[in-house]
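Single chain ahead, by itself, as structure tokens, in the form predicted alone.
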């Protein structure tokens, strides 16, 4: 039996693998990547590395074994047909007879276009008959704290979220929940709505940045159309910019407030406050 993590060189997948190594022997962990050189350090620690690509179904042939527990980390290629990509993994898992397939989805309350591929993948997983767990991850702190350069350059937080609030948490928090599911029992066919313990508004985010930097950083709400233009002007592909602006519109409607408490329960601790994520980002 192996615990298999797809997208293991990515920002979330790497957190999951690192936390798995704190709980199980390295030889029980398989990291699935497209570029093995990115996880050379994991291989040196005894993690099995498998090379496979969501866009090449044949690379998943024989990758899984009966009894494996698999984490399918959702792809980030919005223009490549993510449901088709994810179905490659689901089909391979079904053929192998895996014990569990956990999928990193989106909150059930989210109606933005970003959620469409997640709902399609969830349906494909349910239709497959494979024992599943839906990890409906909310937004990540790092979606904002890893992109502070323009905020600090202009002393402005720009978003199309109005007065909406976000129950974000750190990638490490979401990884901890995934590890609990992958290493524990009794999670088969469960759906978890995951989000941070405390929701925040963009005005509060700007105020926190002001407090920690000693500068006057203001929140400037804009329309989704204006945000799409701003992001596209900064080099974000227009379809992706539109998806991101759509998420902000969903935030304005309250769709990224997740108050289930599932994330802190699975992680076994309170979620990371936004203030800590901001402090860590400002130190980098």
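It should be emphasised that the depicted structure is a prediction, and the values quoted were computed from it without experimental measurement. Residue numbers count along the first chain shown, from 1.
This protein has a second form, the form predicted together with a small molecule, left out of what is shown; the following refers to that one.
Shown alone here, residue 274 lies farther than 4.5 Å from the small molecule in the predicted bound form, counting heavy atoms only.
At a distance threshold of 4.5 angstroms between non-hydrogen atoms, residue 53 is in contact with the small molecule in the predicted bound form. Contact check for residue 253: no non-hydrogen atom falls within 4.5 Å of the small molecule in the predicted bound form. Proximity of residue 127 to the small molecule in the predicted bound form: non-hydrogen atoms within 4.5 Å are absent; the residue sits far from the partner. The partner is not drawn, yet in the predicted bound form one stretch among 147-155, 182-190, 132-140, 209-217 has residues with heavy atoms inside 4.5 Å of the small molecule: 132-140.
When you look in the predicted bound form, the only residue of 73, 115, 199, 176 with a non-hydrogen atom within 4.5 Å of the small molecule is 73.
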